[in-house]
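First, one chain by itself: the form predicted alone, in structure tokens.
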């Protein structure tokens, strides 16, 4: 008979002092006790916290676990279904109906064809940084503009609309606004996307959204798909660029190795994705009783999948708390796994490879402009972890 399971009382609200890159200590402790722990959702509903690599990967590949928003048993009232087009919160066949038209638009080959444009965007940001001179906030000068411009160009968002779009996404992804502000930002983004879809139908241009208007998808569905692509394509990559730079500057031996050997870049990106795992947790609901990690997950129970502790599981990655840019980090779960694996992962990889390499080459003396302890972090409640600002300096030429 199995011993009583470990219990995670609540989702931790902060990380250990001096350890901004590590998952919260309570979750690492839970994983050390086993791959699955009892957990009570903030709404009072009993559930499970899945922290082990094999267990998280198993759930993500198991059709007996649902992604549907309306099946999430986390509060004492029924949640509504996901809005049309927001396929991350759907199961088959709805999920594939929305995702399938996009798959061919985010292939490795197509994303590599964008490399030259991403290099130009990155160079423009670096030119502006160099002209302004140190110190500067890397988040606003570099980490946010690159993915914002890229995803907006891919979808066909007019240049003049990008700043307001970025501001709204920041508000409902950053975890630091009131419920009223969150709803207002979400509503404003939805209204903007409705106007954008109508404009693309009336006057198609050379972009993905215009191509999708030539399908059987409705305006509401296109609006939902656009929201998913814009939010995911901007916020995750922006935080990987800023938090990744913070991690490199905090590990001078690894930074020196990467500066010395550009061939390390691809592997460095994968290791940073594993080590940081900015998209921390997701939910799944059991459609039937499922045995997992020696426990029975009863039908209707919602589990929290802890991606960041799974990527720090010593059963999968040796010395997992070390940042090792020479590590073979393939198989990490930073982009999830299974049918919901991140559609834009190849785009994110290209952006990070180009941006990190160009940043380090342009500013060989790049360093933090404040003590590491003073770097402002996003709250743990944010959907995507990262830094709010990253003051950096360099020796001006």
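Residue numbers count along the first chain shown, from 1. As the structure is a prediction and not an experimental result, all values here were calculated from the model.
Note that the form predicted together with a small molecule isn't included here; everything after this is about it.
- When contacts are judged by a 4.5 Å heavy atom cut-off, residue 328 does not count as touching the small molecule in the predicted bound form.
- Proximity of residue 320 to the small molecule in the predicted bound form falls outside the 4.5 Å heavy atom cutoff.
- Taking the partner from the other structure, the small molecule in the predicted bound form has no heavy atom within 4.5 Å of any heavy atom of residue 295.
- A residue is said to contact a partner when one of its heavy atoms sits within 4.5 Å of a partner heavy atom; residue 236 meets this definition for the small molecule in the predicted bound form.
- The listed set 99, 162, 251, 105 contains one residue whose heavy atoms approach the small molecule in the predicted bound form to within 4.5 Å, identified as 99.
- For the options 149, 118, 273, 138, the residue carrying a heavy atom within 4.5 angstroms of the small molecule in the predicted bound form is 273.
- Although the partner is absent from the chain shown here, 334, 339 and 343 each have a heavy atom within 4.5 Å of the small molecule in the predicted bound form.
- Stretch 84 to 92 is the contacting one of 84 to 92, 190 to 198, 258 to 266, 162 to 170, since its residues have non-hydrogen atoms within 4.5 Å of the small molecule in the predicted bound form.
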